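Next up is one chain by itself, shown in structure tokens, the form predicted alone.
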């Protein structure tokens, strides 16, 4: 199986791994949006006691917060340095119900099909060569009736202005080069991959940001950042 990963993308996040848990570092946006996405996931999937896999977990911000909510979490990523940061942070924080592995989503899907109540894949699809392959893997990992969550960035002029020019160059919320516009994903494209994989779309949500108050909130506007909640049919 060829690994669905871009070495340059892995290196990019590995170089910043030591800053992952600094809330005022380049990862500040992830820290600020995490309570919002965690509450959204938990509201729909009630994660306490559930088996959860976080695909593309990076340094573990979402994975660890789901474990703190009572989920049994496996975080997977192919960037080794962020994984080590995630492991160390969980150990120092005494979070026991979490584990991390260096494994591709497709490989884990082949190894453990239908084993997870909840699958999360947040801010990851726009960084891989074949995002539709990750969507299929997430379907395979979910148990029948299980939840699958994605988040990514729309591909349009507004998203280019906000997510690249604004976030990386003007407000400097993210390092320059974090995102490539050509890899952004329109909601219709993601919805097609979701349906083709066999998942049912439950909800699309947009994510908005006010740079003056540094506040994020969920909205019906999916023109820039957006999230998708899906379920695997019981008959699957």
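None of these values were measured; they are calculated from a predicted model. Positions refer to the first chain, counted from 1.
Keep in mind the form predicted in complex with a small molecule is missing from the figure; the text below concerns it.
A.B. asks: Only one of 108, 85, 74, 78 has a non-hydrogen atom within 4.5 angstroms of the small molecule in the predicted complex; which is it?
C.D. replies: Checked against the cut-off, the match is 78.
A.B. asks: Among 137, 128, 90, 159, which has any heavy atom within 4.5 Å of the small molecule in the predicted complex?
C.D. replies: Comparing distances to the small molecule in the predicted complex, the residue within 4.5 Å is 128.
A.B. asks: Identify whether the small molecule in the predicted complex is within 4.5 Å of every residue in the set 10, 13 and 30, based on non-hydrogen atoms.
C.D. replies: Every listed residue reaches the small molecule in the predicted complex, so yes.
A.B. asks: Can you check 196-204, 169-177, 57-65, 40-48 and let me know which stretch has heavy atoms within 4.5 Å of the small molecule in the predicted complex?
C.D. replies: Selected stretch: 57-65.
A.B. asks: Please tell me whether any heavy atom belonging to residue 226 falls inside 4.5 Å of a heavy atom of the small molecule, as the geometry stands in the predicted complex.
C.D. replies: Residue 226: no, not in contact with the small molecule in the predicted complex.
A.B. asks: Looking in the predicted complex, any heavy atom of residue 117 within 4.5 Å of the small molecule?
C.D. replies: No, no contact at 4.5 Å.
A.B. asks: Would residue 20 count as touching the small molecule in the predicted complex under a 4.5 Å heavy atom rule?
C.D. replies: Judged by the heavy-atom cut-off of 4.5 Å, residue 20 is in contact with the small molecule in the predicted complex.
A.B. asks: Quick check on residue 163: any heavy atom within 4.5 Å of the small molecule in the predicted complex?
C.D. replies: So residue 163 does not count as contacting the small molecule.
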